[in-house]
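Below you'll find only one chain, the form predicted on its own, shown as structure tokens.
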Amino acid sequence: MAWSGMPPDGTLPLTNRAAAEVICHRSGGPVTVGRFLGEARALAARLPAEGHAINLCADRYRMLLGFAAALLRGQPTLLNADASPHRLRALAGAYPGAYLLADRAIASELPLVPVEDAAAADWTGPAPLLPAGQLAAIAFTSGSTGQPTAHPKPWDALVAAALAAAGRFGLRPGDGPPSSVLATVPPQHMYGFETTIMLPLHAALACHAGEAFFPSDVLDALDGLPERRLLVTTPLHLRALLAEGRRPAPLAAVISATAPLALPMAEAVERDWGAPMLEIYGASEAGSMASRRTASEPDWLPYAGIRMGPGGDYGEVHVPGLGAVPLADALEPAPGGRFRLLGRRADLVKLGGRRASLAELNRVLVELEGVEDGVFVAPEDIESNPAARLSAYVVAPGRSAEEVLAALRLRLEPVFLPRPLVLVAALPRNGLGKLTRAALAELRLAVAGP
């Protein structure tokens, strides 16, 4: 099945896969599409008549079940991984009839529908059809630059993105044997949702259901999956996996997103693991849009169906099912239909008549020998204060601030050298490897002291 715009009858199937195909690998054995659809129908019958589902299931198969059941009831899923009472109250206030789908106890006053293993008759016959324009999910930005903002996702846009990714990564029926995917990112995040919830519905792919967080857990879980194996991860998790020093089971590919991947890390994966190191470029607003093989491709190739803004305007992207979507990132055209990522527009800084991207400065920093992590931070008054300068927080065990600064001096223009450069034990990254504005503010206060 390939995306060709709105279907003639205005509907799209919940899945385009046959009932006997495997959609998920669980500790008790593989789960077929027929069993999954039967259990989704049974769960749908237990859901409220209307409302918004907040799916907090940790087990990826139960997350998939809950998402499908809500779709069958005509209800959107709020893609939220934050189970704090404060966040759940905020969602309940913004979305009428909000209720929880969960496979564990949650401290909340919201109505809860438990998602548990239960016997149900396998689905027979064609997969259920859904209105193409049905609101299927609402994604939220990470909040790294402020409060999370909501982005509605109609069903046809999610299906189009899944089919485009399946084509890009060789996951369509007929591209080879079915693949299995293990992810270190939660399925409630847009990246994890697209790769481990939507792809199993519309690609020749089965997801690994269990949680795998620590490097040893990830490597053990990969050992238990059938070939062709895909690892979906982030630079933060990838660094920990490489440091483990243990070669994983043979991988068809490693895929990374959520933050720029340093070139030395991409080269290490290809050299030490013998697997292609791929990156996805995406955003909560538009979903996944492009990819590259980082070690050999500096520029990004858009997915089929993705079109950058007209007339060379790369300030927006045209996405099937969504239309024109403004981008928070600055892009520029590159040869061969590709584009170059310059960084977030809010990250572009001007000092002494020179411009630079904080993302590019961060890349230079983390590629220095001995630097494990680091971030440049711009002061709030950088636009109005001629004397303003960047600062940097660096994790570099065994190296002094003067040594790191000397290495930067060889690679950066003097005006962009951080003043000060502060060594810290760790950066306050969240589970996806992101640094929120609030976390950086707390770090600055902690370093400054009373």
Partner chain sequence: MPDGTTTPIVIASGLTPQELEVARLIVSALSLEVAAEEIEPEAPLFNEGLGLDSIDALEMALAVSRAYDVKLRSDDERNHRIFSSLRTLTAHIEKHRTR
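Take the two forms, superpose them, and find the largest set of C-alpha atoms that agree within 1.5 Å; that set is the rigid core. What you are looking at is a predicted structure, and each value in this text was computed from that prediction instead of being measured. Residue numbers count along the first chain shown, from 1.
One more form of this protein exists, namely the form predicted together with its partner chain; it is left out here, but the text below deals with it.
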>> Please tell me which of Trp300, Tyr95, Phe214, Trp273 lies within 4.5 Å of its partner chain in the predicted complex, judged by heavy atoms.
In response: Phe214
> Which listed residue (Glu244, Glu109, Glu227, Glu332) meets the criterion of a heavy atom within 4.5 Å of its partner chain in the predicted complex?
Replying inline: Glu244
>> Looking at heavy atoms inside 4.5 Å, which stretch does its partner chain contact in the predicted complex, given the options 229-237, 255-263, 133-141, 68-76?
In response: 229-237
> Can you check whether Arg46 is within 4.5 Å of its partner chain in the predicted complex, heavy atom basis?
Replying inline: no
>> Residue-level question: is Ala387 within 4.5 Å of its partner chain in the predicted complex, judged on heavy atoms?
In response: yes
> Using 4.5 Å between non-hydrogen atoms, is Ala58 touching its partner chain in the predicted complex?
Replying inline: no
> Is the gap between Ala42 and its partner chain in the predicted complex 4.5 Å or less for some heavy atom pair?
Replying inline: no
> For the spot marked by Arg35, Gly125 and Pro128, is every residue within 4.5 Å of its partner chain in the predicted complex through some heavy atom?
Replying inline: no
>> With its partner chain taken in the predicted complex, which residues across 399-421 come within 4.5 angstroms through any non-hydrogen atom?
In response: Arg409, Pro414, Val415, Arg419, Pro420
> Once you line up the core, how about Asn385: does its CA shift reach 2 Å between the shown form and the other one?
Replying inline: yes
> Does Gly352 show a Cα shift reaching 2 Å between the shown form and the other one after rigid-core superposition?
Replying inline: yes
>> If the C-alpha spacing of Leu390 and Arg239 moves by 3 Å or more in the predicted complex, is that a move closer or farther apart?
In response: closer
